[in-house]
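In the block that follows, a single chain appears as structure tokens, in the form predicted alone.
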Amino acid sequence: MSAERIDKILSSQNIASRSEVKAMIKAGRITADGRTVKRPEEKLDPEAAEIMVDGKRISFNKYVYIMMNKPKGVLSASSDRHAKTVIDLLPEEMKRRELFPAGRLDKDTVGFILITDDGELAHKMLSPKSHVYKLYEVKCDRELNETDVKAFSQGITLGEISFLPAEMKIIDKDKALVEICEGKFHQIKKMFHAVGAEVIELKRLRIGQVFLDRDLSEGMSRYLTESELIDILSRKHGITDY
């Protein structure tokens, strides 16, 4: 792995913010390979160097996993010349090379999106064969009923496109929770369109068994915990309260 700034390394491991790392360096609390680090811009190979904070060795994780509450009007992409992307919204201390959104949410869709640099995990999470379910909250332009619930449970066909059976739970006259394990283009919108309803608002609430953190306002992010990293690939499913 190429060398990175020491403040960026430690912030990427959720040790402290870059400003906090700067203060720690000033106080002489950080060492690398047995010597005291003097400058936050000093570059090290995080996989080769022995980095210690207050005498405790830091275990470096090669990849990062970030939960973002995506707002409307933002692209699920790594970069774009003409529009703001989810990567643009990340605070500087979280940014690193090769980050990308694992899967896509439409520009007008909000909620949980995973940002990572781990291509293998992203592939596992997105592959229909992995049966990683995602939970969405949907608001429609008409009242929903048990006929819609039954149609979703039997699987939806729209033209030449078929969607696997999905669980739906009506939570208000025009709102429902829907759980799917596929990720076809505009899938939720197309499924509702097939039963004569148009989606007005769409929010992803859960990936695997990891719910969107209620404390994250739109546009905000945080690192996944170790237990969440395991649960995000969980095959367990079934609509549960958010």
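Quick caveat: nothing in here was measured; it's all calculated off a predicted structure. Quick note: we count residues from 1 along the sequence shown, nothing fancier.
Keep in mind the form predicted together with a small molecule is missing from the figure; the text below concerns it.
Candidate site formed by F152, E179 and I239: none of these residues places a non-hydrogen atom within 4.5 angstroms of the small molecule in the model of the complex. Judged by heavy atoms within 4.5 Å of the small molecule in the model of the complex, the contact stretch among the candidates 25-33, 57-65, 184-192, 209-217 is 184-192. The single contact residue among L105, A166, M94, C140, judged by any heavy atom lying within 4.5 Å of the small molecule in the model of the complex, is L105. Proximity to the small molecule in the model of the complex, defined as a heavy atom within 4.5 Å, holds among Y136, Y133, F112, F100 only for Y136. Proximity of I51 to the small molecule in the model of the complex: non-hydrogen atoms within 4.5 Å are absent; the residue sits far from the partner. By the criterion of a heavy atom within 4.5 Å, L202 is counted among the residues contacting the small molecule in the model of the complex.
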